[in-house]
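Presented below, as structure tokens, is a lone chain in the form predicted alone.
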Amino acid sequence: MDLGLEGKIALVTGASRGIGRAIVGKLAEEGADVMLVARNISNLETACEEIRESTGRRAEYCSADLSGTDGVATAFEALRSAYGRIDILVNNAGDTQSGDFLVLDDEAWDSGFALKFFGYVRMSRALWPMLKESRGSVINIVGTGALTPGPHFAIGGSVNAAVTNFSKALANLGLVDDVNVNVVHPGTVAETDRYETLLARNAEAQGLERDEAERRSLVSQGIRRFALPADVATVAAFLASPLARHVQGTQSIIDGGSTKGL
């Protein structure tokens, strides 16, 4: 299916690996020229080279820490200099700490909100005039923690819930300015560095081998398999496309059915 993304300009944050890397690659496969934003220059360079070779599309990168205003300004200037416009913004950069609520301090909470919540807010605000001009799209990658509160994921769940609320508010502004805004909630996503780190931590805590810990996690969630980055990328690309123009302010859950509530 042709998603109608040929010649579009997309900026993806957290784009050098994992879900972000899959999304930016999928957008390029569909014909978009892309700007990758992340912290690690080596990973960014490698990702850009791979995208150029595999898709023939233009791929530029910007190394920036989006937890502060300076990083957002750097990313904005890199996009303006390279392309001068934007059609698709995918906010994906974010990392929150999990653990005992009584142990995690204010610094852990501040860090979680700085990168994911305020990073999404600032990037959306900085690029909104360009997105309004192009009648573009914003896709916020959030997470099912927004819907399933838990004491060991209090920071992540709180940040995700805040981003979801913000996204709905932004979608209402988008109805006025003709910009689409939607949320994608991934569940557990395998084949990522974060997944392997969390799996190793859980295996150690339970005194299990990695594969057995993984099997038990799958059984406990009652699903057929864990999501892959490509699963999230496919949905994000559709939501960014003209085919999804009437999809506005929605939450797409990519978790294989592990979230049982409405």
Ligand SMILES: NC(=O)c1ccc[n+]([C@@H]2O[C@H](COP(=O)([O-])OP(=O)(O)OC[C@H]3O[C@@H](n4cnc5c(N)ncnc54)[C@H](OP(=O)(O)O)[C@@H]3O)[C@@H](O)[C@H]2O)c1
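Here the structure is a predicted model, which means the values were calculated and not measured. Heads up: residue numbers just count along the shown sequence, starting at 1.
Just so you know, the form predicted in complex with the ligand exists too; it's not on screen, but the next bit is about it.
Only one of 174 to 182, 77 to 85, 112 to 120, 129 to 137 gets a heavy atom within 4.5 Å of the ligand in the predicted bound form; which is it?
It is 112 to 120 that comes within 4.5 Å of the partner.
Though the ligand is not shown, can you say which of 65, 60, 50, 29 has a heavy atom within 4.5 Å of it in the predicted bound form?
It is 65.
Proximity to the ligand in the predicted bound form, single hit among 206, 54, 69, 40 (heavy atom within 4.5 Å):
It is 40 that has a heavy atom within 4.5 Å of the partner.
Residue contact check: residue 245 to the ligand in the predicted bound form, 4.5 Å heavy atom:
Flag for residue 245 set to no.
Using a 4.5 Å heavy atom cut-off, state whether residue 194 contacts the ligand in the predicted bound form.
So residue 194 counts as contacting the ligand.
Would residue 24 count as a contact of the ligand in the predicted bound form, using a 4.5 angstroms cut-off between non-hydrogen atoms?
Outside the cut-off, so no.
Can any non-hydrogen atom of residue 189 be found within 4.5 angstroms of the ligand in the predicted bound form?
Yes.
Could you pull out the residues of 16 to 44 that have any heavy atom within 4.5 Å of the ligand in the predicted bound form?
16, 17, 18, 19, 20, 38, 39, 40 sit within 4.5 Å of the partner.
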